[in-house]
Structure formats: structure tokens, C-alpha cells
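Just one chain is shown here, as C-alpha cells, and it is the form predicted alone.
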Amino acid sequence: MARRNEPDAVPFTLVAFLGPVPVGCVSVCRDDRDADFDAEGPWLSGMFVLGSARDLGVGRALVRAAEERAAAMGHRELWLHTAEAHRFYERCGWRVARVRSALGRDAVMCRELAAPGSG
């Protein structure tokens, strides 16, 4: 975890808590990229929310916090690849850059980030 957590740079990992219990996490990194979009980044990675904490907004809050932190660092977009959760990310404002194929290629998605303080 320490290798994936810089105080003011990528990579970083965020952990969500409900009370004292950790219930989810997400990372932003440079090494979990898709070969077809190798020059893009940074990349949202390792999103996980415990089943008992789903449908409570934890995932959305983690994604939003990762977006805000990356924007505060000067990044103008985030990328991710996903095999199953593209609809979740679309609801969070992400756009599809490549649809998932039946041959096992994940969907790739991108989100333009607002500059800090721009709303």
C-alpha cells in the first residue's frame, strides 16, 4: 500500500469508511493502463466496495474524491478499463473510449476533470 500512496502525486489510494470500518477503496496510478491507450493517464484502478456497503453512494464518493484529488494535482483527465462496471462509470459522468469486446478486451473509459474551483 505504501508504494501506491504518494502524499501529493500519483499514485494514491483512497479508502472509504462507514464509522470505523473500511468499506471500499480506489487507486489512481500510471501502471494499470490499457495497451491501446498507453500514452493516456493517469488511470483509476482497484475500485472495490464491500457488498454490505453497496447502494449507499460509497463507490460514487470514492470516484468523485479520486477525480477531485487528481484535478487538484493538475491532471485534466482520468482513464480506466473495466470488464463489468462501465454502466456505473457512465452514471458517474465517464465516457466510453472503447467498448468491451466479446474477445475479452475491457471497455476503456475517460473522464475530463474540472479545474479546481471551476465547479
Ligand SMILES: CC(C)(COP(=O)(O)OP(=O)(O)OC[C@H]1O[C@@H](n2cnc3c(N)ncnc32)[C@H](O)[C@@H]1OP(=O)(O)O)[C@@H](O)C(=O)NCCC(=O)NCCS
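Numbers for residues come from their place in the sequence shown, where the first is 1. Please read all numbers here as calculations on a predicted model, not as lab measurements.
The same protein has a further form, the form predicted together with the ligand, not shown here; the description that follows concerns it.
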| item | value |
| --- | --- |
| Selected contact from 47, 71, 78, 29, since only one has a non-hydrogen atom within 4.5 angstroms of the ligand in the predicted bound form | 47 |
| The ligand in the predicted bound form: contacted by all of 33, 38 and 104, heavy atom 4.5 Å | no |
| Heavy atom of residue 53 within 4.5 Å of the ligand in the predicted bound form | yes |
| Contact label in the predicted bound form: residue 93 to the ligand, heavy atom within 4.5 Å | no |
| 4.5 Å heavy atom contact, residue 66 to the ligand in the predicted bound form | no |
| 4.5 Å heavy atom contact, residue 89 and the ligand in the predicted bound form | yes |
| Residues from 53-84 in contact with the ligand (non-hydrogen atom within 4.5 Å) in the predicted bound form | 53, 54, 55, 56, 57, 58, 59, 60, 81, 82, 84 |
